[in-house]
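Form predicted on its own, single chain, as structure tokens, below.
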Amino acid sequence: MHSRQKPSAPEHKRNLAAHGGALSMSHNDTRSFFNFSQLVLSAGHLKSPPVLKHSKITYFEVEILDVQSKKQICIVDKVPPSSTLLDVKHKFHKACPQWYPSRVGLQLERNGPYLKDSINIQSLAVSSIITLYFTDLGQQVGWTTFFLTEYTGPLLIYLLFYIRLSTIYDQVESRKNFRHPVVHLACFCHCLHYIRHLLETLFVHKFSGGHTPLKNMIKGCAFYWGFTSWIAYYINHPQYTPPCSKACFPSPTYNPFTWLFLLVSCPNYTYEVGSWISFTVMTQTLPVGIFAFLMVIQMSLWAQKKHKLYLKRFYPEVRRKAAMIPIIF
């Protein structure tokens, strides 16, 4: 019989340690799995992380600052995305009654252009708060009012001078002097012109910009009304006579350049031809010489044609003159 050897003390300890370590590891794994299962059961079903939806802004807030001081004037709140800038101006007017919508100028930047009333407020938004700069445009008038006022004045003012009011002209002189037909024709044409403008303003023109500063209308009225008064005073004056319509041939004056009228009937062509001949002599180039030659031919034809016309209308004054070149042609 083989006798069973008893393990030595150190080997026995190692076996016990290995067996005890295996038991300890198995026991720890069991506890960890148990704890994890209890955690899952207590937490319930696992949920996937929520998906962020695209945020939709229901209303905007419009902050309005003074363009000069950058101080806040007011905040227009609860502005729907579909609103236009004109809607914002109306709400701003409710908050600040001294500035009615046509007087309000709004800008995205201090030095930027004024925004149109028709622009959609959502197109200006970067966030839920929109900052705009305010400028007081001053008193405004509509374009229709502007043109009606500007054109009605000349129409009425001219008629007041045409009827020769006693406060403007001497009545004795007005009754004594006969009105030339051109005075009546001028009144008809002048009135017809401004009546046409008024009808176009009422029924034809459509104005995109709603308003303009009142000072522009004052300047326009001062220009049209002032010149109409000046024009009408002279045309309707009792001593007015239209200029003589009889044409006469030009005669030389103290201006030396007019003295050629003594020798030729078309001195303008003479000066033109002389200048190109002088330019040719100065430059001594072939292209200039050819151009000058062709100009002499062309202007000679024009001068001959005009000279024949002048002989028919002003024979006594022109019969001893040449057309373009003194004595020769």
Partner chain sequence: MAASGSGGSRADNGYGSQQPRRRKGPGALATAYLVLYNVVMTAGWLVIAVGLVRAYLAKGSYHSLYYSIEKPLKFFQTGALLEILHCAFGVVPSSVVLTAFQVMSRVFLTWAVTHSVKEVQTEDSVLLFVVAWTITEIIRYSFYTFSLLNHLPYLIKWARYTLFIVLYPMGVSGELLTIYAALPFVRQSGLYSISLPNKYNFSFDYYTFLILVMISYIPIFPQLYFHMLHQRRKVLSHTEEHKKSE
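Residue numbers count along the first chain shown, from 1. Keep in mind that this is a model prediction, so the values were computed, not measured. In this text, the rigid core denotes the largest set of C-alpha atoms whose superposition between the two forms falls within 1.5 Å.
FYI, the form predicted in complex with its partner chain isn't displayed, but the following is about it.
Only one of 210 to 218, 188 to 196, 123 to 131, 148 to 156 lies within 4.5 Å of its partner chain in the predicted complex by heavy atoms, and it is 123 to 131. Only one of Pro97, Pro113, Pro256, Pro181 comes within 4.5 Å of its partner chain in the predicted complex through a heavy atom, and that residue is Pro113.
With the partner omitted from this view, the residue of Leu202, Ala222, Ile119, Ile75 that lies near its partner chain in the predicted complex is Ile119 [heavy atom within 4.5 Å]. Among heavy atoms of Tyr240, some come within 4.5 Å of its partner chain in the predicted complex. When contacts are judged by a 4.5 Å heavy atom cut-off, Asp136 does not count as touching its partner chain in the predicted complex. Its partner chain in the predicted complex comes within 4.5 Å of a heavy atom belonging to Trp230. Proximity of Glu109 to its partner chain in the predicted complex: non-hydrogen atoms within 4.5 Å are present. With the core held fixed, the Cα of Asp170 is displaced between the shown form and the other one by 2 Å or more.
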